[in-house]
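Encoded as structure tokens, the following chain is the form predicted alone, with no partner shown.
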């Protein structure tokens, strides 16, 4: 008589979250800069929100993203977090305003999103209430964002270019998905969507209200005359080829790029130098 043996079904294993990688992703993605006021940064009250982000459509205040259950993400699940980054939706299904750069973060890998979430859960909760946005009502309406997304948002993880090497693809991922450089260095149309034909060609107003320079390889209006060493020096100690130093919002970005591995900075430079030159003098 045959013996029947019962086997319990085991779902495919999911890799345990890498908290250390999550900390690295937090740095590469610049989360602290946008989600912490300068005063709170000095007090190490990181990710507590309240940073004013100036845009042509009004001033928006970043939310508290600490694990605080009332004002932060304390009641979120990992799935909620991934949905916010991948599709720009809240746990209740509302669309997020695109001042939150999910339009770039959507390109993150699932593993990096999970690692980031795992690290963020280790941070201390801070009970700072969120500040209402100071923007006209029309630019705060979320029900209009469904059509906006159809025109200006393409969700999905970064797909490596098989025609490029691993270094270039790593750089593209760091610049496009994590660093979201295009969100500041690319001008926007009247709807607030990025003008893809002017990718990295500079914008008249960045998060601090300042002009954001052209970083394409155009020799006259961009960084076409810069060497690889010039770019590495900028991304480590903020020094420009003329001996001056980058300030304002870029200084905060460089606080992050200086903490990346030399290999990742090299990858970023490889990608940046491959972006087509666009003549666009921003002022």
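Residue numbers count along the first chain shown, from 1. What you see is a predicted model; the values in this text were computed from it and never measured.
What comes next is about the form predicted in complex with a small molecule, which does not appear here.
- Note on the interface: of 190-198, 121-129, 153-161, 101-109, the segment with non-hydrogen atoms within 4.5 angstroms of the small molecule in the predicted bound form is 101-109.
- Remark: residue 246 counts among the residues lining the small molecule in the predicted bound form, judged by a heavy atom distance of 4.5 Å or less.
- Although the partner is absent from this view, residue 226 contacts the small molecule in the predicted bound form, with a non-hydrogen atom inside 4.5 angstroms.
- For the chain shown alone, residue 167 is not a contact residue for the small molecule in the predicted bound form, no non-hydrogen atom being within 4.5 angstroms.
- Not displayed here, the small molecule is kept clear of residue 267 by more than 4.5 Å at the level of heavy atoms in the predicted bound form.
- When the small molecule is considered in the predicted bound form, only one residue from 133, 86, 149, 114 comes within 4.5 Å through any heavy atom, namely 133.
- The putative spot formed by 17, 74 and 258 is not touched by the small molecule in the predicted bound form; no residue has a non-hydrogen atom within 4.5 angstroms of it.
- By 3 Å or more, the C-alpha separation between residue 207 and residue 188 shrinks in the predicted bound form relative to the form shown here.
- With a change of no less than 3 Å, the CA-CA distance between residue 152 and residue 208 is smaller in the predicted bound form than in the form shown.
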